[in-house]
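For reference, the chain that follows is the form predicted alone, supplied as structure tokens.
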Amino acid sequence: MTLQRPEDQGDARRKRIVDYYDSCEIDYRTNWHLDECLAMHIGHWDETTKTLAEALVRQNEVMRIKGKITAADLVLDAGCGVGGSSIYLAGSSGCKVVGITLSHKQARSARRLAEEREVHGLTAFQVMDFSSTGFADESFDVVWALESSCYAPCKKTFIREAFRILKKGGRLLVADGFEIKASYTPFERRIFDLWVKKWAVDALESLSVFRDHLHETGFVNIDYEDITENVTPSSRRLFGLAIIAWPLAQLAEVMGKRSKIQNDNLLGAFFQYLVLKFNLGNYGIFYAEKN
């Protein structure tokens, strides 16, 4: 038996994430208004939103307000995708944003989109691991992680890196899914795994453990807002899309028109709704400050 070195395991993990997003970008483009909203997140539904496109933009707005982001801030968009949140923040707040992603394809797309939307002077995009950035201590006013911290193999390592690169008084914003039960039956764990692993995530963090990591690292004024109710309409929409598309998607895979990664993405879309439906996990926003 050949054992993988830790660095080899890390390379394999990063490749899985990059392959997932690069392969499944077509699904986000077709079904999730990617070209319009540049969003690869679930969205936030409330009294101000009537359409998916509005909910996708609203998620950025809700986090911007919670993070008290202004033109004076330098923001790290940790796991920036195609740059949607970075471009939104630069355009809405006038702040400077550095977006980092593991995907060279996403970084190129983000640069192009920022130029098209005339915020390239306020944004920069790099290929980089957000758990080990190489940025100097106390470089940023805000670290923003919208549905990206889940990809950290060790969430505490990500939190420590965010703390290190934040200035005193800096803010950390994390919007993501979390485990909420002390233990899961094998059936419940199977449902969870059929969601997260199909989306190239090793595992979600426990809500209580993530909060403990923040405390232990030194963050203060920690707040968690459960917005599961606000993301459920999008979750239900993904569930419906998966059911409708699955028969044709299987046929397309047999014909060589879709990949296994793309169809695994559909399976994940099916099971993510069951996690919320059966109250196995929730979705929320953490806010924390560096003292």
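From 1 onward, residues are counted along the sequence shown. Computed from a predicted model, the values in this text were never measured in an experiment.
Missing here is the form predicted together with a small molecule; even so, the following discussion is about that form.
Contact with the small molecule in the predicted bound form, defined as a heavy atom within 4.5 Å, is made by all three of Ile100, Phe130 and Tyr151. Note on the interface: of 242-250, 256-264, 39-47, 222-230, the segment with non-hydrogen atoms within 4.5 angstroms of the small molecule in the predicted bound form is 39-47.
Contact with the small molecule in the predicted bound form, judged by any heavy atom within 4.5 Å, is made by just one of Glu161, Asp141, Glu205, Glu147: Glu147. At a distance threshold of 4.5 angstroms between non-hydrogen atoms, Gly79 is in contact with the small molecule in the predicted bound form.
Though the partner is left out of this view, Leu276 does not reach within 4.5 Å of the small molecule in the predicted bound form, counting heavy atoms only. The small molecule is not shown here, and in the predicted bound form it never comes within 4.5 Å of any heavy atom of Thr123. None of the heavy atoms of Leu280 is located within 4.5 Å of the small molecule in the predicted bound form.
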